[in-house]
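In the form predicted on its own, a lone chain appears below as structure tokens.
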């Protein structure tokens, strides 16, 4: 018999909307079930790995979390801490965002899904750079199948041979970077708590991220938004597509990138959120609300390039 927990949520919280708000909800070990509107994944706890299933009976109501085994009191506290981060339950800036960009107030959009840990977000971001979305899905699935069902920890990646990651997890040239990141975090040279500390400026965090292996401007901006720092737009090929198709911009890719950045400048510290929900709205208009997407069908056609093929 597993442990059953309840967790209070902010009055505006809606699990299906706020989990299915960013593509990482489609990546292992996360599994969203559109029929039951529940999120299941494994978590690495002090007493070992446990799978948890998270549901919500209604908007603003408490979350119901069911573990696949008995959890000690300490582990229950761990689960609550990890779920709070993953679901951004402690985000108090949604109201401020809606004041800056009122387009999303009615829908309640504001929170973006992320991982239970900074390190998982870091590796997931590296696995999403310079690659197609289906390949990102495979990398994350294989990392969980080969190394840990709860997603590899820094310590686990630090001990892995690069060749193993390349051959068995299909991460390509990212093998060395993933091992290096694992060693930096496991060895204490990179402290996740420093990046999570709101006392550090966005500029300082951005520069520190750029100094990490495999983290360029796009990856740094993306990790920043996963940290709840939305002042930078993460520019990639989807940004150019969005600039052309939705915002009517013209010119070379580089010119459009600059135009996109300038377009979202008025949204200040909420730039990324305004940009992302525009992008997400385009995806949902093609294939319906994200909470109806099956991970192994629609979820594999995440980018606009794929969505428009049908």
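Source: prediction; values computed, not measured. Positions refer to the first chain, counted from 1.
From this point on, the text means the form predicted together with the DNA, which you will not see here.
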Contact with the DNA in the model of the complex, heavy atom within 4.5 Å, among 109, 88, 174, 229 goes to 174
So which of 219, 190, 179, 127 reaches within 4.5 angstroms of the DNA in the model of the complex, heavy atom to heavy atom? 219
Exactly one listed stretch (78-86, 111-119, 150-158, 209-217) reaches within 4.5 angstroms of the DNA in the model of the complex by non-hydrogen atoms, and it is 209-217
Just checking whether residue 131 would be counted as a contact of the DNA in the model of the complex - the rule being heavy atoms within 4.5 angstroms. yes
In the model of the complex, does residue 135 have a heavy atom within 4.5 Å of the DNA? yes
Taking 4.5 angstroms as the cut-off for heavy atoms, does residue 237 touch the DNA in the model of the complex? yes
4.5 angstroms heavy atom contact with the DNA in the model of the complex for residue 183: no
Just to make sure I understand: among 149-172, which residues lie within 4.5 Å of the DNA in the model of the complex, judging by heavy atoms? 166, 170, 172
